[in-house]
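One chain is shown next in structure tokens, namely the form predicted on its own.
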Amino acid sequence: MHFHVLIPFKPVNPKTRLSCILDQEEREAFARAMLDDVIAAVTKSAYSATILCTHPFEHEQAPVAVRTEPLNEAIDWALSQFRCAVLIIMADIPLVQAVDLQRIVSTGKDMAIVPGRGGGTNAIFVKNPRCFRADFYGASFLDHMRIAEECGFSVEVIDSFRMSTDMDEKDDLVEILIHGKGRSREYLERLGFVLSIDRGRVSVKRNTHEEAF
């Protein structure tokens, strides 16, 4: 089956909930590192991807479409451009691997969806994107399941630790330092982030004498 990969990405002032430990320049570099990890998985799977950006941006491994609308409207615009199945995957799931992408696109259902933590959606594969619309933010997993029902789609819910693990909060970085193998982990380590275990609880701390290069 022919399909395309769509990766929404915010290159300017992303991940504001990480402002407690990363300044804006660092958050932008970290977001780029996570995007690189996602694109690496896409490239290894021999798929083609388009990055859907909120601001002008260039990437050596994927074309970029810049849209100024809010996220859902921008995704809906992109879906209307495709004549084939589409995999929408978030740019902040740096643990994803090629095998995970192959799993979701091999579904026998009309749609496959990967829930994120807290009711979000981290990836959607839809075979008929023209009947679908995006509804990210809030309890988007429930919203997307409702939209799939309205479209008459059969749905497979994919249970995947790597694809369900997105990076929004400080404690999320623990998973990169434990399980990450790509540029995201390298970048955090260059900034001086290490695991911290206190009374059995695992978190991260930053050695401030370290600097990224």
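Worth saying up front: this structure is predicted, and the values here are computed from it rather than measured. Residue indices: 1-based, along the sequence shown.
Missing here is the form predicted in complex with a further copy of the same chain; even so, the following discussion is about that form.
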Practice task
Evaluate residue 26 for contact with a further copy of the same chain in the predicted bound form, applying a 4.5 angstroms cut-off between non-hydrogen atoms, and reply yes or no.
Solution key: no
Exercise for the section: Indicate whether residue 190 is a 4.5 Å heavy atom neighbour of a further copy of the same chain in the predicted bound form. Expected result: no
Exercise for the section: Would you check, heavy atoms only and a 4.5 Å threshold, whether residue 132 touches a further copy of the same chain in the predicted bound form? Expected result: no
Handout entry: a further copy of the same chain contact in the predicted bound form: residue 110, any heavy atom under 4.5 Å
Key = no
Practice task
Could you tell me which stretch in 111 to 119, 73 to 81, 124 to 132, 86 to 94 has residues with non-hydrogen atoms within 4.5 Å of a further copy of the same chain in the predicted bound form?
Solution key: 111 to 119
Problem - The unique member of 159, 69, 149, 58 whose heavy atoms fall within 4.5 Å of a further copy of the same chain in the predicted bound form - result: 159
Exercise for the section: Using heavy atoms and a 4.5 Å cut-off, decide whether 172, 197 and 200 all contact a further copy of the same chain in the predicted bound form. Expected result: yes
Fill in the blank from the handout: Within 142 to 157, the residues having any heavy atom within 4.5 Å of a further copy of the same chain in the predicted bound form are 142
